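The chain below stands alone, shown as structure tokens; this is the form predicted alone.
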């Protein structure tokens, strides 16, 4: 993994992915006690940054491999990204999804033309299911985060952050990134290392699924006790990736862990102040900026909202925190 691969992915994504802005609100600044700049990847195609990595991976395949079809496993955002990218490339896609994934994500993945195979993430191994189907049907596996081209595609977000921060005169700041297996986080970190070395990436995770934060603190990969449950399904992974962890270890600052209640409150704040719809896992970085301000230094902080694919009942729970 290097900056050249990320720049190549950016060229292939040009005209296909949306360039999302950096947004701000004086109300959020007041809560955080510093300037807060929000990168809203919830506005990206399929409602998540995952489209970037999916397109980068699909577009990098040899034509004959694309024609044979692809397979991915995902709780929903990578699923939708791969489904849309595959359809645009005229390729078939099979997506292995947990049965407890949000209904909206399952429905959207099917609507985008993919075949969905459901599994029980508490008792079944998605990696084993994906590898078996790939071998059986001759499909190319597009991993959700531990894939060089996927990481490169996610890293294009960092190129945009660097350029926009430079235009705003921000040379030093923490960049808080919603983190699951680390593809988004490591890709952004690699891009910033090359284009904005004064911007330091900080992984943000929900309580109970803080494998990256614990792994960074321990200096070795640590697993979560469970791979199921919790509101932040989009960033619930067993452990950091073999490709992503060395990048995270080399380039990132300490992780930040937030509660589910804080994620819901951040969702409500994003809607009220920025008119954005965020899902719980997509709001954890904003939660860290707003409710863990002492974890960062400096006059400004940049945060990602990584996705907005939320079921209505969960979004209603978030909005109810405004009255609490």
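As the structure is a prediction and not an experimental result, all values here were calculated from the model. Positions refer to the first chain, counted from 1.
The next section is about a form of this same protein that is not shown, the form predicted together with another copy of the chain.
From the list 198-206, 147-155, 81-89, 123-131, the contact stretch for another copy of the chain in the predicted bound form under a 4.5 Å heavy atom rule is 81-89. With a 4.5 Å cutoff on heavy atoms, residue 68 does not count as touching another copy of the chain in the predicted bound form; it lies far away. Although the partner is absent here, residue 276 sits close enough that one of its heavy atoms falls within 4.5 Å of another copy of the chain in the predicted bound form. The shortest heavy atom separation between residue 112 and another copy of the chain in the predicted bound form is within 4.5 Å. Contact annotation: residue 310 falls within 4.5 Å of another copy of the chain in the predicted bound form, judged by heavy atom distances. Contact annotation for 1-27: residues with any non-hydrogen atom within 4.5 angstroms of another copy of the chain in the predicted bound form are 18, 21, 22, 23, 24, 26, 27, listed in sequence order.
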